[in-house]
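The chain below stands alone and is given in structure tokens; this is the form predicted on its own.
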Amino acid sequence: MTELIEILTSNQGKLDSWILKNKIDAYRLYDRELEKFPAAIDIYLKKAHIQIYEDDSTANEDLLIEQIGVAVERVLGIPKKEQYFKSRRRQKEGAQYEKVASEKERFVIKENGAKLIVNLKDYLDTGIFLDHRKTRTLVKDEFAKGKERMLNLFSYTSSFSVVAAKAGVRFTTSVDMSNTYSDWSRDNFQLNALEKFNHIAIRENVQVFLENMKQSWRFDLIVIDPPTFSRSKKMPVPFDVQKDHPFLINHCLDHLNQDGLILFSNNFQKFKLNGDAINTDNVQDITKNTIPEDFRNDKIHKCFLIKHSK
């Protein structure tokens, strides 16, 4: 445990000035640097969200929780009652697991001029993906500038939409298959005083939505951030990002204004963009520009900027 305390102390020391300068409310402190502590530790204000990655070789989980909890309290002063542990077990392909409690302990963090609701207890994820903080900053500072209409697919709790709206995008449409996350999106819109008729959340299978979208619908900015794999009763067939990404991108190109752009991202570390199957050659890999300072794993996601062919 001494080694873990040393790493946490070192990592926090390296991040302190960056956190203060950029007014960071939530960040990743530790990400499996030590083999015997297979965990990711994220700090949200004065609370810790700790994910333990389990497989058949993982040591006793109760002992890991005790040791990590002690280390977090010693280094950061965060007491056990403000530490939230989750288990990320190796799942069979497409297995679904999201809700882990029903306490509804929600609070608000700030990022990129937006207020965003997070919940560290009830779900495996917290309501915001910290690895896309820098991507959202690019949306705010560059991609949303001068844009009128935005489509956000696999929108989760719609943080991309909120940030874009705060940056001046007048209309946003956010699509996610989950009723829970669609409601969460609407709460985020309301929290940020966004006009509910201009910023809408639609509960729908993204593939079905794209197939049935009116041809007249056009967007200046489209964000696509799908899961690696998904199987649900709401889906006629499972979704596989490696196989299905050309379908997503090509349908979005059909609804993209001529000078618009698509931001496509995913977390599949072996992902390869199938350029031959995409109806444009104007694709830029911007992954290196989207990895935040607090993430030491530069393979946490892949990100592409896609436009119509010149």
Ligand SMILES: C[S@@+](CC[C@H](N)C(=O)[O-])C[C@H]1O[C@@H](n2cnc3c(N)ncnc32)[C@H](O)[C@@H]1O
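In case it trips you up, residue 1 is the first one in the sequence shown, and so on. This one's a predicted model, so the numbers in the text were calculated from it and none came from an experiment.
Heads up, the form predicted together with the named molecule isn't pictured, but that's what we're talking about next.
Want to guess which of 162 to 170, 138 to 146, 78 to 86, 227 to 235 is within 4.5 Å of the named molecule in the model of the complex, heavy atoms only?
Checking each option against the 4.5 Å cut-off leaves 227 to 235.
Each of N11, Y27 and D42 within 4.5 Å of the named molecule in the model of the complex, by any heavy atom, yes or no?
No, the whole trio is out of contact, none within 4.5 Å by any heavy atom.
Which one, F154, Y123, F219, F189, lies within 4.5 Å of the named molecule in the model of the complex by heavy atoms?
Flagged contact: F154.
Name the single residue among V206, V118, A71, L194 that comes within 4.5 Å of the named molecule in the model of the complex, judging by heavy atoms.
Contact residue from the list: V206.
Check whether S178 has any heavy atom within 4.5 Å of a heavy atom of the named molecule in the model of the complex, and answer yes or no.
S178 belongs to the contact set for the named molecule.
In the model of the complex, which residues of 35 to 49 put a heavy atom within 4.5 Å of the named molecule?
Stretch hits: zero.
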